[in-house]
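Heads up, the chain below is alone and in the form predicted alone; it's given as structure tokens.
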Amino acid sequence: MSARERILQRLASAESRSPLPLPDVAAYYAAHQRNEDAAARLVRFRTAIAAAHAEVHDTDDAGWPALLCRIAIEKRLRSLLVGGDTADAGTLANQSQLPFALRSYDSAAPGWRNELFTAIDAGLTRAKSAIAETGSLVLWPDSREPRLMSLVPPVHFVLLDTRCIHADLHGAMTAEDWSSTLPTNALLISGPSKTADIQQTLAYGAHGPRELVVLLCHPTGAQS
């Protein structure tokens, strides 16, 4: 028997074995659930993402535009990129006075690549949800808020509804039915871009935004 035949025989034998039983993931997470309410999940999320060098601010649906403008002034931001034809873009466009130029992502990147990479100071996207266990924001980019919006600008603002914070990744996947609705590019963001590849010196902004600013949108009157 040749070496090739022996290898094929071993592969065939391996394929004929009974498959190992699949782990009961749901049972595992059910047995390890924390006894916490929404307020506790918010605290865990906030603590974890702040530890990853993200800025976190409290606001609500009515107050976030003014808060964003104040932060933009403090950071001396001259331009803000918003999604094309989104409710948040419309909210900002309706403000009486903005301290920055508002740029809408309403055309394909190749047509304005130079401006995108050199003249945009910040981008604004809305998170689908968040994960308390890891302090991660869940973003689902689409044609109105493409991946480049959260990747290219030096400062990334993210709006997060505090009612959409899950305990862990499994909770997010099941509650939001990821198995049937998952987009081609789902993002989990746990802080600004960072690396320590060179001489083990931590540096921010190496592969994406150097600053992540999370605007926690509480139900009106429920800010903590």
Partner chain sequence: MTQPLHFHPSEGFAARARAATADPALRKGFRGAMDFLQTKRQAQFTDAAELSDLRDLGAAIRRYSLSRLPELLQQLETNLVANGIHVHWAENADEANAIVIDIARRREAKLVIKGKSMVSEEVALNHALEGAGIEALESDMGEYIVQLAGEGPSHIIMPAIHKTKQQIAELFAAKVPGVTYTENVDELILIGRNVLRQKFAEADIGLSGVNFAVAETGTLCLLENEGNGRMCTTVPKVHIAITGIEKVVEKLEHVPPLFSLLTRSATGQAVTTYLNLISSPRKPGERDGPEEVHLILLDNGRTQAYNDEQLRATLQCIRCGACMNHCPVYARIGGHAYGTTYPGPIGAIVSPHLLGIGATHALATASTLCGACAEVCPVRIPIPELLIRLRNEAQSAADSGSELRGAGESRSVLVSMIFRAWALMYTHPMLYRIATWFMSRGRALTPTAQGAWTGIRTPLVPAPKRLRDLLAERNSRHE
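Numbering follows the first chain given and starts at 1. No experiment lies behind these values; they were computed from the predicted model shown.
Just so it is clear, the following notes concern the form predicted in complex with its partner chain, a form of the same protein that is not shown.
Handout entry: Interface stretch in the model of the complex with its partner chain - options 65 to 73, 185 to 193, 39 to 47, 159 to 167, non-hydrogen atom within 4.5 Å
Key = Every other range fails; the passing one is 185 to 193.
Problem - Partner proximity in the model of the complex: Q95 to its partner chain, non-hydrogen atom cutoff 4.5 Å - result: Result no; Q95 lies far from its partner chain in the model of the complex.
Exercise for the section: Mark R78 yes when one of its heavy atoms lies within 4.5 Å of a heavy atom of its partner chain in the model of the complex, and no otherwise. Expected result: No, R78 stays farther than 4.5 Å from its partner chain in the model of the complex.
Exercise for the section: Check whether A109 has any heavy atom within 4.5 Å of a heavy atom of its partner chain in the model of the complex, and answer yes or no. Expected result: The answer is no: A109 has no heavy atom within 4.5 Å of its partner chain.
Exercise for the section: Evaluate L151 for contact with its partner chain in the model of the complex, applying a 4.5 angstroms cut-off between non-hydrogen atoms, and reply yes or no. Expected result: Answer yes; at least one heavy atom of L151 falls within 4.5 Å of its partner chain in the model of the complex.
Practice task
Go through 133 to 151 residue by residue and record those having a heavy atom within 4.5 Å of its partner chain in the model of the complex; state none if no residue qualifies.
Solution key: Heavy-atom contacts within 4.5 Å come from T134, S136, S143, R144, P146, R147, L148, S150, L151.
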